[in-house]
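Quick setup: one chain, the form predicted on its own, written in structure tokens, and binding and motion questions come after.
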């Protein structure tokens, strides 16, 4: 579904990604871990061109999306994105946050969008919050709403950029629960996270990044039980 070839990204003199190659198949749950500053979030943000690569190619669904004449809005329609800090519109109700994109892009009528939104809100246990404003919600509720907002577009893949790192520890579980359920439903997912339990339980592959490169990838069982790279061994000894 996504192929990354020789991906480089620099911010001025600072080279953050150094020739990353990767391939994501439909239905895979790729969990990306690594120390701060290793390039994880930049890698994720390049996948939907929130960061534009300095060099290299990103293919999505058979299309080179960082080529010429690409309709980026059309591409992003199919790639849901969940951010660390929710990025909800505080002046809109929860319902209006969710239906904004599907109605603006004329994917659904307002009635259809509302119906979809209510179904999704029920799925995450927040249907009673449809008319509330984001300011009245807890961090965990906001993040579940952010996931619903992405799902309302019926994406082919969901990208998560450290979705629990801004949450109080007791709220982390409720967000991970929704993500696990999403994984079980067959959604293709790429998740940048520090939650090793989630990586072990939900990932089909775990990827370790350091210094702008993919240092190691493996199935969760092998990744945690039998790390090969010295840098990964050192990292796991500190986080597990």
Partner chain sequence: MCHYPLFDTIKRYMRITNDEKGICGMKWFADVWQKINIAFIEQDRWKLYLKGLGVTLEVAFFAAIIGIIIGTIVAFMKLSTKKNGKPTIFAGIANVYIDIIRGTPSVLQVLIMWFIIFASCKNGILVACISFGVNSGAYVAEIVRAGILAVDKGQTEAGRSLGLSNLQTMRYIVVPQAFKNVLPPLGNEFIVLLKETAIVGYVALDDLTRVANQISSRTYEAFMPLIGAAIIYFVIIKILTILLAKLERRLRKSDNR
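Numbering follows the first chain given and starts at 1. Bear in mind that the values here come from a model prediction, so they are computed numbers and not experimental data.
Another form, the form predicted in complex with the partner chain, is not on view; read the next lines as being about it.
**Q** Even though the partner isn't displayed, in the predicted bound form is residue 128 close enough to the partner chain, meaning a heavy atom within 4.5 Å?
**A** Looking in the predicted bound form, residue contacts with the partner chain do not include residue 128, since no heavy atom lies within 4.5 Å.
**Q** According to a 4.5 angstroms non-hydrogen atom cut-off, is residue 150 in contact with the partner chain in the predicted bound form?
**A** Flag for residue 150 set to yes.
**Q** Is the gap between residue 48 and the partner chain in the predicted bound form 4.5 Å or less for some heavy atom pair?
**A** Answer yes; at least one heavy atom of residue 48 falls within 4.5 Å of the partner chain in the predicted bound form.
**Q** Using a 4.5 angstroms cut-off on non-hydrogen atoms, would residue 138 count as touching the partner chain in the predicted bound form?
**A** So residue 138 does not count as contacting the partner chain.
**Q** Does each of 189, 208 and 215 have at least one heavy atom within 4.5 Å of the partner chain in the predicted bound form?
**A** Zero of three within 4.5 Å in the predicted bound form.
**Q** What are the residues of 48-80, in order along the chain, with a heavy atom within 4.5 Å of the partner chain in the predicted bound form?
**A** Those in contact are 48, 50, 52, 73, 76, 77, 79.
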